[in-house]
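Before any questions on binding or motion, here is one chain by itself as structure tokens, the form predicted alone.
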């Protein structure tokens, strides 16, 4: 029907189509459509079966999500990537798509509490056995079994900020025929690219440093094309797709990732050196830190924007948090602003008190994510609060 012949309500619903342009926007547009029109049943059938590349239904993928996937895959040196609604949903898709009933996983015990809970509580329900061990090559090797299918660890651990010997661990896994899954959220591809060391899949909570502005939630898996294809099928079934706006915001953050991570890492180094004169600090950039030499060998010229320190107990932690005005208490990290959290009550609240003691998460532990502010203001804040 010609537009001129449309009645008012029809014209209001169908509107007009945008005009083509020889120019392009330098920022990608946000595509908010939840469904896409198909010209006929043959095209619908071909698209739904995957024989023709085209957008179909947002749960299956969308332009903003794909731009984010391709960008992060390129940064990590992977063949392909999958964007999910959160880091936790990406973790679920990773383990559920890669493992089956009867499989065994060796996981570092020093990992994000949400991932620990997912493996520990949900793994057995799926018939997956999990062994949590210290993130040391010898401990991981001792935990291997004939049915070990994967080893999981973080490039920089949460919340004690240790840098495990990733290359040795990957070598042990390859010798045993096990896949290697690495959470690279804290390091980001600016500081480490585990796929280039031989890891099979890299996991990111894009909510953190990739997005970097505290306004988006996403998760990403990066690996070989065949793995991503399999993982995407599961993500579609689970409804785990990232939203277009969150994908757009995360991609906007990625554009300044290198600048932010380098600046925040320099700030973390200054803050860690200051704090180390007063309290016990966990930061691989300090020469006396147990993982300093490994960090020197593995990380790309910086030590990351994360540090933690122990005030000795719950009462001291409460007083410190209350005394801070500029640095806010939040349940996340990776923002342009310096923030802090209390792992025992936040990131590792999933764990029992005994589990927290085993991994070194005490009531006085404060984890800090440094931002890009003038570091002298942050130092003054912490000096006054202490």
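Residue numbers count along the first chain shown, from 1. Keep in mind it's a predicted model, so treat the numbers as computed, not measured.
Just so it is clear, the following notes concern the form predicted together with a small molecule, a form of the same protein that is not shown.
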Legend entry - Contact residue in the predicted complex, from 276, 293, 131, 86 (heavy atom within 4.5 Å of the small molecule): 86
Inset, instruction - May I ask you to choose, among 250, 188, 107, 158, the residue with a heavy atom within 4.5 Å of the small molecule in the predicted complex? - result: 158
Legend entry - Candidate spot 112, 205 and 208, all three touching the small molecule in the predicted complex (heavy atom, 4.5 Å): yes
Inset, instruction - Pick the stretch from 177-185, 283-291, 70-78, 308-316 whose residues have a heavy atom within 4.5 Å of the small molecule in the predicted complex. - result: 177-185
Inset, instruction - Give a yes/no on whether residue 333 approaches the small molecule to within 4.5 Å in the predicted complex, heavy atoms considered. - result: yes
